[in-house]
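One chain is shown next in structure tokens, namely the form predicted on its own.
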């Protein structure tokens, strides 16, 4: 009974993983030419080139690091603030919960296109229209290198805060009320109750939200691909101002057809996410032991 599922799982999930791992040690292009572009094993050549020779990879890694730190930290803070603000089970709060959660279930392509209209550099863009009404000169939002990562962080927080809010609400509602009652009897004010009761008991939820947010942030693709295209058949915008790891993987694998090199990028990305997740879990367990 399990054989059909197992066969499909092995064929379309397990085998591609091992195949990509093998390709990461090879020079493998879409078309192999024994004279111009021979294919074969390069051992750790792809990884050596990534870490010591590829400036675009370094740029993508740096941009992704900035993006992950900003997006994850701000998303957790915004989600927790929304959960606390909408904790009471009232009709207005239920409506607001739905409103804030809607971006999490809306098509990512559609939301990116809407944000593209908001940040358009001409007078058609919503934000520049508001600035023009205030007598301020328009800004080329999507052509300014210093604004690329902050724009992507803003989009991430807007789209992910509602999902984190639901998780934090579930965690807050699962905290027994007698903890707060005992603290109130002892004279604890709201700030102390939040610091010594709510935050410690929300650490498992915060760990889950943090890990899932980190994994999602490292895999950003649609925003970069749609908002920051280039005219040379590549991705990342002007001067690679918005280049991230997954768009760079796509660029190498499906635009330049360097499939072995793209596989190496994928495994480096997997290693980064795996290590950060382990560190997050270890820190969470340490906090639990100290408590």
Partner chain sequence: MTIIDQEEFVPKDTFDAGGFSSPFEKRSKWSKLRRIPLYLTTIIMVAPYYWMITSSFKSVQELQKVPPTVVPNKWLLVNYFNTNFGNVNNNSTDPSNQRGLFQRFEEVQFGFFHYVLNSLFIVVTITVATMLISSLAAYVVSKHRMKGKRLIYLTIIGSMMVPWQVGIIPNFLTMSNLNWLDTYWAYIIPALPKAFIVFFLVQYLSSIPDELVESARIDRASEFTIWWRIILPLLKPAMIAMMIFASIGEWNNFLWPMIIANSPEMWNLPVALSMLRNNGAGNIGMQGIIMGASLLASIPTVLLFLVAQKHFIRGIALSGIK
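As the structure is a prediction and not an experimental result, all values here were calculated from the model. Positions refer to the first chain, counted from 1.
Same protein, other form: the form predicted together with the partner chain, not shown, and the subject of what follows.
- Mapping the unseen interface onto this chain, residue 129 counts among the residues with a heavy atom inside 4.5 Å of the partner chain in the predicted bound form.
- Proximity of residue 136 to the partner chain in the predicted bound form: non-hydrogen atoms within 4.5 Å are absent; the residue sits far from the partner.
- For the chain shown alone, residue 103 is a contact residue for the partner chain in the predicted bound form, at least one non-hydrogen atom being within 4.5 angstroms.
- Interface membership of residue 226, defined by any non-hydrogen atom within 4.5 Å of the partner chain in the predicted bound form, is confirmed.
- Residues of 247-275 that come within 4.5 Å of the partner chain in the predicted bound form, judged by any heavy atom, are 249, 250, 254, 257, 259, 262, 263, 266, 267, 269, 270, 273, 274 in sequence order.
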